[in-house]
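Shown here is one chain on its own, the form predicted alone, set out as structure tokens.
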């Protein structure tokens, strides 16, 4: 079985490494926000020497879409999120703006440190969990679906105000056990193809698989607008799709397994810039 799955993966990869990640181009958004797309790998990403944003693996045309907010289709959803941000909802008569200021100014820097340990809850929270915590506990409003349009839009807004800030996700405190669970998931082969996250995004990044150029699977650019489905995509939706592609039973968005995986993968990008909403294939 392992020999067969290895053969299947080898046939899918059309050539040896093409070494086409773009390390020369610089991502500057609106001629103002410098984005770090290449950095020295953090020590805990023990099998990598450098880390690359997914931006560096895209075509020049796709890369250019992120250089100006008027060209970035993901910014349409940021505008929609601003409307929701300023809308009073729930029994407390509050909006997001009531606590976090105009244009999400009070949320600058938040995206760079999530997922993070929530001491009150006694568990790791993702940005989506924090948003719903605000809605239910502070606003008295109904929670949003984990990958619903409203939720993905709001995470895009929160990401947008932190663009250019370095990802700095903690993993050595009370969240460490969760981080270890995520690491185990990252390296565990699953499905009929017996593939792990690491098989594609660590062992074979910069190779072609069918018509796609494999990146390192960094998530500093999420949520991301995918040209493939013409909408913003949440990171757990991408996890679900990847596991599905190994022909395995997948986890649900917001599940403890995906929370742990997100924590581990996010920490592998420490040193890259917050980039979302990004544009990818």
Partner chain sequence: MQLTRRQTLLMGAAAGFLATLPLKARATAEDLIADFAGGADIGEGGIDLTAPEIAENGNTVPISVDAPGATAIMVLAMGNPTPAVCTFKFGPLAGSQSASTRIRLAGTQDVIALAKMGDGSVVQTSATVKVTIGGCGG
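Quantities reported herein were computed from a predicted structural model and do not represent experimental measurements. Positions refer to the first chain, counted from 1.
FYI, the form predicted together with the partner chain isn't displayed, but the following is about it.
- Looking at 54-62, 215-223, 252-260, 34-42, the stretch with residues near the partner chain in the model of the complex, meaning non-hydrogen atoms within 4.5 angstroms, turns out to be 54-62.
- Think of it this way: in the model of the complex, the partner chain has a heavy atom of just one of 71, 203, 137, 102 within 4.5 Å, and the residue is 71.
- The shortest heavy atom separation between residue 228 and the partner chain in the model of the complex is within 4.5 Å.
- Contact annotation: residue 245 falls within 4.5 Å of the partner chain in the model of the complex, judged by heavy atom distances.
- Using a 4.5 angstroms limit between non-hydrogen atoms, residue 209 touches the partner chain in the model of the complex.
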